[in-house]
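Take a look at this single chain in structure tokens; it is the form predicted alone.
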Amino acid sequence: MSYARVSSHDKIVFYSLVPPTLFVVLILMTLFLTQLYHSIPIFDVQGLLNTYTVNRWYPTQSPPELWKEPHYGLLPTIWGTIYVSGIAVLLALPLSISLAVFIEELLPRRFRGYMSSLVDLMAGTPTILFGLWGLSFLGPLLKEFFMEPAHEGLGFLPIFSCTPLSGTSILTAGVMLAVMIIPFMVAVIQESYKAIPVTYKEAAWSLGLTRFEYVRLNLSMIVPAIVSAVLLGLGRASSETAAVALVVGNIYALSFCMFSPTHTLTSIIAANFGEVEMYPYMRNALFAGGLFLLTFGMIINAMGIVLLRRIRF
């Protein structure tokens, strides 16, 4: 058996790529260890389980020896993060699929590049602008034309039970995030849709399928990519900070009603980090929130990448 000889130039290129790769891994490990290191003190004081499952946020200057119960519980912020991100993904998924199919199947070929560039431009828009748009336009619009009518007509349902006092709410944050993550989800779905071999598409047309059946067949072949887009969109939505902090209401409350203001993990960190020197262990509690968010995001994104790699044609 003979082996191909590796040239010295190939070795140089290979070894030159090793340091950047290790550097990226080192950054990720450092990020995780930093969050963990600063979170351990609050875990020691009030326990790991209490930190993530208690509905209580009570900043105090008293020493922890005098605490009779946990003071920094992150449960409402975890729930708020999942709730807001879930609404965003549920709204963005059908729109993302529709937009990807529209670009690839209905839009004339000469306009597809322009439309794709427009979607990419939307992805590159500074997120704080979405927050200002949500605060000044989207929130008041939803309050007047959806929240108030829904509360009056369907107030017996838990998700519509609370009176909408302002436009800043869980729903507003979810709708705004849906708009923000659509470009990322469209990119994943569109690239997988374009990767379907032409022979498969021609075979589908040869069977006499209608356009609806043809599109449905193509989408069935990229289900892993669609699920991956959902997971990546969920990870993207859960990590947004500035825009969400402007429209989510920033109230520490555990609520099932979409019209209620709340806190997410990112918004509570942004809102309270300036006060950490005043209260013992608040800093560590906020780092614990960051640790949960980092772990959650890594798991969700890893699942999305694994699913995306399962697509084979």
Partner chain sequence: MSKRESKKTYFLRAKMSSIDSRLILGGALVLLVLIGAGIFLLSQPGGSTTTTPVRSPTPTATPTAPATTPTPIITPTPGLTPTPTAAPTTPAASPTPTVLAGGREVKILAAGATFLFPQMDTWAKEFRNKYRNIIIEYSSIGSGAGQARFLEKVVDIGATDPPLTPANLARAKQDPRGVIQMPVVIGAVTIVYNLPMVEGKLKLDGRIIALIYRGEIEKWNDPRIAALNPGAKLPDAPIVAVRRSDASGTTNIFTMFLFKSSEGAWERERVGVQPSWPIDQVAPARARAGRGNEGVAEIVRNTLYSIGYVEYTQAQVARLAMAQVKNAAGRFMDPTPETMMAAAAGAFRFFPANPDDDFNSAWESVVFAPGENSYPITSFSFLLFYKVYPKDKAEVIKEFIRWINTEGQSVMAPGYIPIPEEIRRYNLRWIELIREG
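Residue numbers count along the first chain shown, from 1. On a predicted model such as this, the values are computed, not experimentally measured, just so you know.
Heads up, the form predicted together with its partner chain isn't pictured, but that's what we're talking about next.
Peer 1: Going by heavy atoms within 4.5 Å, which of 232-240, 187-195, 89-97, 149-157 lines up against its partner chain in the model of the complex?
Peer 2: Only one stretch qualifies here: 187-195.
Peer 1: Going by heavy atom distances of 4.5 angstroms or less, which of L49, I27, L33, M278 would be at the interface with its partner chain in the model of the complex?
Peer 2: Looking at the other structure, the residue within range turns out to be M278.
Peer 1: Looking at A123, L75, L217, L165 here, can you tell me which has any non-hydrogen atom within 4.5 angstroms of its partner chain in the model of the complex?
Peer 2: Checking each option against its partner chain in the model of the complex, the one that comes within 4.5 Å is L165.
Peer 1: With the partner absent here, would K11, P41 and N284 each sit within 4.5 Å of its partner chain in the model of the complex, counting heavy atoms only?
Peer 2: No, none of the three is in contact.
Peer 1: Is N250 close enough to its partner chain in the model of the complex to count, meaning some heavy atom within 4.5 Å?
Peer 2: Yes, contact at 4.5 Å.
Peer 1: Would E144 sit within 4.5 Å of its partner chain in the model of the complex, counting heavy atoms only?
Peer 2: E144: no contact with its partner chain in the model of the complex.
Peer 1: Should S136 be classed as touching its partner chain in the model of the complex when contacts are defined as heavy atoms within 4.5 Å?
Peer 2: Because a heavy atom of S136 falls inside 4.5 Å of its partner chain in the model of the complex, the answer is yes.
Peer 1: Can you tell me if Y114 lies within 4.5 angstroms of its partner chain in the model of the complex, counting non-hydrogen atoms only?
Peer 2: Looking in the model of the complex, residue contacts with its partner chain include Y114, since a heavy atom lies within 4.5 Å.
Peer 1: Taking its partner chain as it sits in the model of the complex, which residues of 87-112 have a non-hydrogen atom within 4.5 Å of it? Please list them.
Peer 2: E104, E105, R109, R110, R112, in sequence order.
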